[in-house]
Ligand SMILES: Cc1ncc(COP(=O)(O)O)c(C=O)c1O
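Single chain ahead, by itself, as structure tokens, in the form predicted on its own.
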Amino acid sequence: MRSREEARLRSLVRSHERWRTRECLNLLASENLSSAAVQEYLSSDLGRRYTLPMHQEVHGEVVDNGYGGTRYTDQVEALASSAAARLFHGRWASVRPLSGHIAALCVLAPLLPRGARYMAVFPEDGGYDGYSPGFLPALLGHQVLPLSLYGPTHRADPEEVARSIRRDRPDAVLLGQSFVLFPYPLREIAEVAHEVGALVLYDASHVLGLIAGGLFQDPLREGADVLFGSTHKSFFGPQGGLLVTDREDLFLQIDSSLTWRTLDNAHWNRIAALGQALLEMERVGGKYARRVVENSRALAAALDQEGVPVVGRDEGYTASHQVFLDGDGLRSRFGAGPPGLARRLESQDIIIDLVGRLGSAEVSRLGLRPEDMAELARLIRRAMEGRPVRREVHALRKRFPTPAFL
């Protein structure tokens, strides 16, 4: 007989599944839906098994794995790594990083020695907090310099960035943002960075699915030395990370620093699930990515028409899966900022984050089209006004019961 706490746990998990997968409209920019096959592999026996990739002498014999029983696990990893390399136009890839943040650690630690200086986008310009001075740079003994962007849409001016790189002569330029609407002028930045001997590192965590679908940009072909990121935002895989490069010398440095340094067990059920998502993306990524961007633009325009303050009208709103709300405008129009409005929306089963950012990836994966964005924008506006819209949200969600683009 199950204990009371076991029964409670079962109830909580089932309630979460029902709420988040059948009732909510999820507009979090950091989440997505996975296919049934991805979910199947996540719950497979691989989740209980262990491997230890290594290449060293053990009792007088050189071995490549510290464990037995890995004949299929090794092939799963090789298949997923090959798919990642193909999809992102590199020659070497690793699917072993456990998250996008760990992927960054796997790249930064071996490639930049303690005392190295790199440029990154700071949070006030939409950058990732992990690259701020007190976080990864402090852990690894690096100095981080600001790569300044301009305007509320957080865009890079290639001439200004070039001047900064030539002036500061960093060891690396790290491109990547948590708030990202438009691509970087990557070719121009890479040319100047390489001119001063700096590596170009591209954190694609948020836009990985768009890049995989042939949109946004093509980092390795445009001059980036290493691409890395998380696999569960615009990319529709399980939570995790990957890294890809076209340079053998960099990959050997990174790969040799994984086992017992930044990683030990890499969770092989996740790697199998990621392999499935990579293969799905090879088949349907182009159509999916186009739908995501079309829906973002349509949602932004529809919100704007509904009187919900949106950033970037004069620039076409967005070229990514994200839409930015104007915090000051929200307070003026609805009497609350992004955190308060996020709570209002969640009470009506519309999920957004608390920082004024919407994402179209999950609703696009469900199959919503640009013509559905006007209805979604109307529901958002009414919920922001404090009106009850849960029944309408559930009705809209019911029309899209399973993932599209399979």
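Computed from a prediction, not measured in an experiment: that's the story for all the values here. One rule holds for the numbers: they count along the sequence shown, beginning at 1.
This protein has a second form, the form predicted in complex with this ligand, left out of what is shown; the following refers to that one.
- Checking W268, Y128, F88, Y288 against this ligand in the predicted bound form, a heavy atom within 4.5 Å turns up for just one residue: Y128.
- Contact with this ligand in the predicted bound form, defined as a heavy atom within 4.5 Å, holds for exactly one of S148, Q143, S99, Q305, namely S99.
- Figure note: of the listed segments 312-320, 189-197, 205-213, 157-165, the one touching this ligand in the predicted bound form, with heavy atoms no more than 4.5 Å away, is 205-213.
- When contacts are judged by a 4.5 Å heavy atom cut-off, Q177 counts as touching this ligand in the predicted bound form.
- Heavy atoms of S230 reach within 4.5 Å of this ligand in the predicted bound form, making it an interface residue.
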